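Here's a solo chain for you in structure tokens, the form predicted alone.
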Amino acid sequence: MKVLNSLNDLDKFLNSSGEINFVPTMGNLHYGHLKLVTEANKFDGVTLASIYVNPLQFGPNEDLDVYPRTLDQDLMHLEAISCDAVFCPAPDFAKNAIKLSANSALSKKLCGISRPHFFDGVITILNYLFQLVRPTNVFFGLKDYQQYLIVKDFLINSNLNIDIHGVPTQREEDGLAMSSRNNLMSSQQRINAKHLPVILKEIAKRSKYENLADLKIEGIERLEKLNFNVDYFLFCNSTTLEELFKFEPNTLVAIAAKLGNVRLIDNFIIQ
């Protein structure tokens, strides 16, 4: 596996490779990230991952400084699953990136309400990486479903000719969606956290037959009893993210909630 630290390294690798299957990450890799790489490996060409903690998607009071950085361990994991190369640029490598805005119809809902800067930062850095790498395929986890939709929308409306692939959420043994932030929880918070997907999935099953407004209130109340500070608990159209008040096929039930300073997100699509 090649470790590419500079743009020159990246150019040399790209010039000697065929089709690129690209997995952009912020490091602190868990099985969910590695699943993206194993999916990328199924396609023709080479698999390139990137590890870059993007400062543009963190607000002034968010966790950029404490975001877990485990580069040596990450590289070992990637090599073990036959990733062909990893781009690990310097912190300031994107200082000249052109600032872009995400589609506001998608980005100003759900996580975008409390994190108005977030998706613009994501699209800015991804566009910069996509312009450099020019991949054929890119891979994103569906745990970050809103992000997946926003990147998909961006690619549809760009001239980059990149195919996006959504990979199902990977979960811990107790059902909690895998996240780099899970390691920041205390032992008691981690015990409480396992109830989040249980409550979410149970309410999702009942949504076909019961009042969505009542289920939303119940879900928030149950989580608050476990010391969650709920950002949102919503039923949405899975294409537009518009809130739904009556069940329809492929309804998305999505949640964001904090335990202490650790923000967790999760979702299910109800067929």
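What you see is a predicted model; the values in this text were computed from it and never measured. Numbers follow the displayed sequence, beginning with 1.
Omitted here: the form predicted in complex with ligand PAF. The next part is about that form.
Think of it this way: in the model of the complex, ligand PAF has a heavy atom of just one of I125, V138, A193, V167 within 4.5 Å, and the residue is I125. Of the candidate stretches 216 to 224, 40 to 48, 22 to 30, 199 to 207, only 22 to 30 contains residues with a heavy atom within 4.5 Å of ligand PAF in the model of the complex. Although the partner is absent here, D74 sits far enough away that none of its heavy atoms falls within 4.5 Å of ligand PAF in the model of the complex. By the criterion of a heavy atom within 4.5 Å, Q147 is counted among the residues contacting ligand PAF in the model of the complex.
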